[in-house]
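There is one chain below, alone, in structure tokens, taken in the form predicted on its own.
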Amino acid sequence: MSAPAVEISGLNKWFGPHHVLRDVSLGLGAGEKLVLCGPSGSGKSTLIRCIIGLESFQEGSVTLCGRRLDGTAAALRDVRAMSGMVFQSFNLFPHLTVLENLTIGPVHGRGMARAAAAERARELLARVRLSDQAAKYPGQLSGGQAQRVAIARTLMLAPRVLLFDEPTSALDPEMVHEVLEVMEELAAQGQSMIVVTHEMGFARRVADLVVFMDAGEIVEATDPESFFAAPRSPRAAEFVAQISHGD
């Protein structure tokens, strides 16, 4: 059996006196899809930022594809080389074309030949159905298009684990579907994924595991059918009821 994609054990994090993650332990198998949900401020985004070393933590351990974050620069470099993050804001360079946004990292950060990077970029733009947008600038794109470019840019470095931090929350409702559709295709192709989202339809369709967090703790972790049909904790039941009412 292959090693787990992500292993988290006894993770604790404080921002000053504020205890934002409390004894979090979690595992993601290779090729699995995990959805993190819960109210705002529950620690979801902080957790995935800890996984790839964007945030430090005070207690516990995080291991990604067999490499433990041990506080060294070498471990951080290795973990980031094996992972990719898609954020709420697209973080595209406004002065570069779509194609240039995809190729700048591999060319200047990994030493990839420019022609090879451009070829891979065009393949990925086709994969996210944006082949005709390669020469445009981010300011000429819709929000949904820009987020799909951001996903393609993250895929340029072939991450073994892909993390999404509420990737549709900044989008108009009509643009959400086109981004979720790309994410679902990635999931179907076996990409290991951790997704922070309020899109519960996506969680129902795609997740192997739904993890509900509140006040920095994992309250419930189960399969989507069990979570939505019969949540075990009162807090999760309240959350599901609110989501269902919103639908």
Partner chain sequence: MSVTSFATPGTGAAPRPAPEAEGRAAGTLRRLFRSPLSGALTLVIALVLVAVAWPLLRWAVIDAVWYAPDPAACRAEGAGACWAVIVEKHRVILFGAFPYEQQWRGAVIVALWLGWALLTAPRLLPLAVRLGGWVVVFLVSLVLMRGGILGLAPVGTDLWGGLPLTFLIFGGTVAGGLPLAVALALGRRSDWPVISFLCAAFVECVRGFPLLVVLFFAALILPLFLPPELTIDKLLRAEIGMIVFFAAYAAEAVRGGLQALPDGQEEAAKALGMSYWLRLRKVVLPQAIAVALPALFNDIIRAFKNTTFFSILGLFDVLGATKAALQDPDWVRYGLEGYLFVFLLYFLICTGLSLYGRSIERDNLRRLRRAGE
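Positions refer to the first chain, counted from 1. Owing to the predicted nature of the structure, the values given are computational and were not obtained by experimental measurement.
Another form exists, predicted in complex with its partner chain; not displayed. Remarks below refer to it.
- In short, of 67-75, 107-115, 166-174, 124-132 it is 107-115 that has heavy atoms within 4.5 Å of its partner chain in the predicted complex.
- Contact here is defined as any heavy atom lying within 4.5 Å of its partner chain in the predicted complex, and by that definition each of R49, S83 and R153 is a contact residue.
- By the criterion of a heavy atom within 4.5 Å, L162 is excluded from the residues contacting its partner chain in the predicted complex.
- Though the partner is left out of this view, L54 does reach within 4.5 Å of its partner chain in the predicted complex, counting heavy atoms only.
- The closest non-hydrogen atom of Q88 lies beyond 4.5 Å of its partner chain in the predicted complex.
- Contact check for L99: every heavy atom lies farther than 4.5 Å from its partner chain in the predicted complex.
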